[in-house]
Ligand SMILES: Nc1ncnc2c1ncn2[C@@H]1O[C@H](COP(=O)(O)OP(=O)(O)OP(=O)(O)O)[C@@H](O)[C@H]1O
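Read the single chain below, which is given as structure tokens and is the form predicted on its own.
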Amino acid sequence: MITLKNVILRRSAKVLLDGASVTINPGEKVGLVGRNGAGKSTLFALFNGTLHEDGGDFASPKQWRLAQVAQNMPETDESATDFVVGGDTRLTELREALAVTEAAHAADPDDHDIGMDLAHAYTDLADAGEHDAVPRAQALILGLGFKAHELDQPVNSFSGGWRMRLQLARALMCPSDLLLLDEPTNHLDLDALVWLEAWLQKYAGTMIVISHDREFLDAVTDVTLHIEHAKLTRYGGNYSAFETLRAQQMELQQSAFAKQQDKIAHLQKFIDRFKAKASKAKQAQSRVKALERMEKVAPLLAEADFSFEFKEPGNIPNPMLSISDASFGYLIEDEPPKTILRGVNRSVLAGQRIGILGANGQGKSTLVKTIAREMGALAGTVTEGKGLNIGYFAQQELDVLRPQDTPLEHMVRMARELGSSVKERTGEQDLRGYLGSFNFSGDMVKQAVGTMSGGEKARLVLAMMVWQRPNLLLLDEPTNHLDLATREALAVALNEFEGTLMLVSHDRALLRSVCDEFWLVGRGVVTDFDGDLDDYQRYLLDEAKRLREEAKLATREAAAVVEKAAPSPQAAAQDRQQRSEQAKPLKRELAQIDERLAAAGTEKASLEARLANPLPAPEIAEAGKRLKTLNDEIGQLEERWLALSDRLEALAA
């Protein structure tokens, strides 16, 4: 287990943890939460050994193997598959040991001891999963959103975000007892995120994760550690359970709670209004549930030190825009147009709140950029309503900000570009006050944007967008750099927005709480998605399964081509001998598992028979505990039995 006893952690002169004591048990899945700057990443550095405590005692098992995502951008010509296989450190060590032993055997083929070492080296490699290392790596790569034809492409050929996905796959490939994940969802689309959740739910070791995605935390954690005011508090349960407990604690603090009543009443008014008019459609009911959560944790939302609201639009055209028989895609110089979506017929009406769904690479960004006027339609028409004013938040907007300029300079320039007289509409003091409402207070309005965090840049883009009083909000992954408190503030503001909303996001909590309907972008078309986000997650998992099956088929076909070149009789005999040697220890272990399964099954049946009869309380507790241990052991044995059977089948093939 991992233990902290009265631990003190400092960053420069600032005390981040003061007298922290907590225990993390083997196999627990822990969410580490707290505001930006609270000390989450510093605590991670303590966990991975790059930082030592300034006071108190920290201990973790020395024999535990650690896996974490490397933060450096990989620069290598290795294929994506080889790069991820390299993450299996145990396999890499054994391959190196085998190479040394093979060299020694080649130098002295008659040495019996070296021959035995060679046999052991082959057996160790088999036990470490040498035979299925490539399929395991490729399953991780495909699960994280890559296409089958990209498996053998060099790492350097991918953009930064995709290379970080490969770093994540490499960390998951590493056999580990402790897995540390710092914002693992930042570079993922919703389809890859859903796959990652499913993978982590099966992970057998201890996991600690930092994330600002509350639904991701809910899905993969069972313990929450909260850092606040240099204190570390452990809560049993996932993020929602922590949120509820903390809201209840705050509600007991009546003096502080009383000050929040206006903010809570404001939120409550909207919730009541929406719930009164909500339809029975699955999407609307999903939103009702999300709003009920906001209702339950209203004290916690009101306590947040950041909130904002969208100003009422000057006018709201209806329809906002109409798309007729359109094709969307890219114009490439000296090449035919690349069509991504075709036959698009859609109308966007006043007041609609649309979530745009679609697996990675299916055309969500193409649709959004065309509506945002960043690209033109390849065919058909996009007709805008009179007075349409789009507020567009794109991921690349953060890169468009001028690093050397200040937030105040950005606001002044935007006002001028919109044809407004800054002196007439708003003076410097007014602009300072406006930026202050987005937490750019004091000297921050004069700080160069290039020195700011991703979250601060995202808040500046939001501030600039709100100032323009749009009637159509077009948001493409607006939460990537926002912490949990700012995400909640955005959800509240969007719920009160009077105009029309179109949202692309992998943050399901945001999608649930602000969207009434969904469009699905996939296989070249845009259609209505008749379901809620739970239905969509099942759709994504089915799509991922289909892609994996396609990849397996491609791998088998490639192997069949290789096998056409028949080996020599001598090589075939040597291969059979090697396979036979590798199979022997597997068969022995399989027989041992069969014996243990039979014994465990007999003991389990006996315990269940005992529990069916009246027993004293201590005996019931003891028998129940033993039954749970047996069930866990039987589950592990069955999984190992299946794995061994697959290996033997592969050796026999």
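Residue positions are given as counts along the sequence shown, with the first one as 1. Owing to the predicted nature of the structure, the values given are computational and were not obtained by experimental measurement.
One more form of this protein exists, namely the form predicted in complex with the ligand; it is left out here, but the text below deals with it.
This chain is displayed alone, yet in the predicted complex one of Ser441, Thr451, Gln285, Asn345 has a heavy atom within 4.5 Å of the ligand; that residue is Thr451. In summary, among the residues Gly455, Pro135, Gly385, Gly205, the only one with a non-hydrogen atom within 4.5 Å of the ligand in the predicted complex is Gly455. A residue is said to contact a partner when one of its heavy atoms sits within 4.5 Å of a partner heavy atom; Gly37 meets this definition for the ligand in the predicted complex. Although the partner is absent here, Ala20 sits far enough away that none of its heavy atoms falls within 4.5 Å of the ligand in the predicted complex. Taking non-hydrogen atoms only, Ser79 never approaches the ligand to within 4.5 angstroms in the predicted complex.
For Glu183, a non-hydrogen atom is located within 4.5 Å of the ligand in the predicted complex, even though that partner is not displayed.
Each of Ser12, His212 and Gln447 comes within 4.5 Å of the ligand in the predicted complex, counting any heavy atom. Partner contacts here mean any heavy atom within 4.5 Å of the ligand in the predicted complex, and among 596-604, 582-590, 22-30, 41-49 they occur only in 41-49.
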